[in-house]
Every structure is written in C-alpha cells, then in structure tokens.
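Below, in structure tokens: the form predicted alone, a single chain.
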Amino acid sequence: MIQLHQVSKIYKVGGQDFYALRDVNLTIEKGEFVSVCGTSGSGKSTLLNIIGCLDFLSSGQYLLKGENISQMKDEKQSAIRNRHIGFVLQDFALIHNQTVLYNVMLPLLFSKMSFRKVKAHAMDALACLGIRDQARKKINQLSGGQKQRVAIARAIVTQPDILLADEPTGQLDSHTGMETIRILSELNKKGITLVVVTHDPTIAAMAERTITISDGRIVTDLRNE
C-alpha cells in the first residue's frame, strides 16, 4: 500500500540544509494500524505530510498502491490525495460558523457528484460516527469530542483507503482521547489503513506497529504485543 525508499526531505534554514527526514525506508501494508512516535521536531509530521501527498520529498521514492508519487506533478498528487487519503488534524480544522453537515460535505462539494448524493454521503458519515442528530448544529456549539467526531466524519466521507491522523487526541481530555482512538480503531477494522502520529505511549500501544523517529530517521519499527 505505502512504500518509501530512501526518502529524504530537506529544508533550507539560514542558508543551511536541514534534514527533516533522512533516508527513510518504510512499508505499510493495506489495512494496518501504525503509530508514529518521536519528540517534537523529530520528523513525524513531515513523514505524515509526504505519505499524504501534502509535501514533496527531496530525494528517494514514494510508491502508493504501486504508483510512483515522487514523480507526479502537484495536480496529479492532489487527485490521488482526494481519492485515497483522509486527514484528521489536532486542531480539527473545521469552519466554526458553518453547520456540522456543511463541514462534512465540504470535501465532496467540488466533485461531479450531485448535491443530493453529497448530502447523503455526509449523513452516512455522520451516522457512522454516531452524530447524525448533530447535523444542523454549528461547529461552535459542539464539545471537543463532538468536533473530533465531525473531523473524522469529514475525513471518511470520500471513502478513502488511508486515514492519516496527526495528534488526533492532542486537544482532548484523556477519556475523550481514548474514545477517539477507539473510533479510529473501529474504522481500521473495517479495512481502512490507519497511521496515527502521537506523543502518547498508551495510544501508540493500541496500534499493531509503533514506529519511532528521531532526527528524521526511523530508529525503531516494532510490532506491539
């Protein structure tokens, strides 16, 4: 499903090369649940951005479902991203003065799908997250846990193969955070490949594998018991 070969990402900082990732080799199979851990600045989010086709690698090769992403132009990468990948972010990235339904519909509004089908898909996603009854509420009327459910519903409304979550529990209390991971885990059991970046070792241990990154390199890649 996901294959990275000798992938590096270099940024220019004060005229010097800074390696956010260095010679990363990684394979994630279809349907796996993988957690990615490391200190701040270790390269976790950069890795997620490259897997999610949000950033270009500096060298190496990235294959997604057998397609060479590293040789694609931005427009093609965007099409791949919209078709195959859903994102769940720490800050939810929701439009607060709009309804829950509108936020979940948003990824499909510019597709060729009819408005009726877009709405139906969005309502199905909300039902999957147990918040169909919140569809007409504005985002600013919701609790943190409800907002995260909306963010997950929006991420899965396009029926992606891969779900990438960057610190999805970072702004939640421990109980709500564990409930969020349980929801993501259930989606993984339905066949979605799940990659979660987290600082929390308890959450990391819920994955099948835990990858640890330090200074842009993968230092451990372990199966969880």
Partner chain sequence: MKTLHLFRSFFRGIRISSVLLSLMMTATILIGVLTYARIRYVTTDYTTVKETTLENAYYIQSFPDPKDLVNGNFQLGGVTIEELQAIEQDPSVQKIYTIRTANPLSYKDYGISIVLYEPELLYAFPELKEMGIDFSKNPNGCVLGSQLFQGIRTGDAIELEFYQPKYSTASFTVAGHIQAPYKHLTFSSSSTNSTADYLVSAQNIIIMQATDEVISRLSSLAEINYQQNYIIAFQEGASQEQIDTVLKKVMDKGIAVSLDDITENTQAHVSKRLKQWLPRPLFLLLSATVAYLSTVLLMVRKKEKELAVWYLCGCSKPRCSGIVFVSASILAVVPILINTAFVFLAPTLDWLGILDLSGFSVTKDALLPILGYYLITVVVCLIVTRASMAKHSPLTYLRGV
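Positions refer to the first chain, counted from 1. Just so it is clear, the structure is predicted and the values come from calculations on it, not from any experiment.
One more form of this protein exists, namely the form predicted in complex with its partner chain; it is left out here, but the text below deals with it.
- None of Cys53, Leu57, Leu26, Ile156 but one reaches within 4.5 angstroms of its partner chain in the model of the complex through a heavy atom, and that residue is Cys53.
- Under a 4.5 angstroms non-hydrogen atom cutoff, its partner chain in the model of the complex has Asp91 among its neighbouring residues.
- Arg81 belongs to the set of residues with a heavy atom inside 4.5 Å of its partner chain in the model of the complex.
- Proximity of Met113 to its partner chain in the model of the complex falls within the 4.5 Å heavy atom cutoff.
- Although the partner is absent here, Gln146 is not a contact residue: none of its heavy atoms lies within 4.5 angstroms of its partner chain in the model of the complex.
- Looking at 9 to 44, the one residue that comes within 4.5 Å of its partner chain in the model of the complex, counting any heavy atom, is Tyr11.
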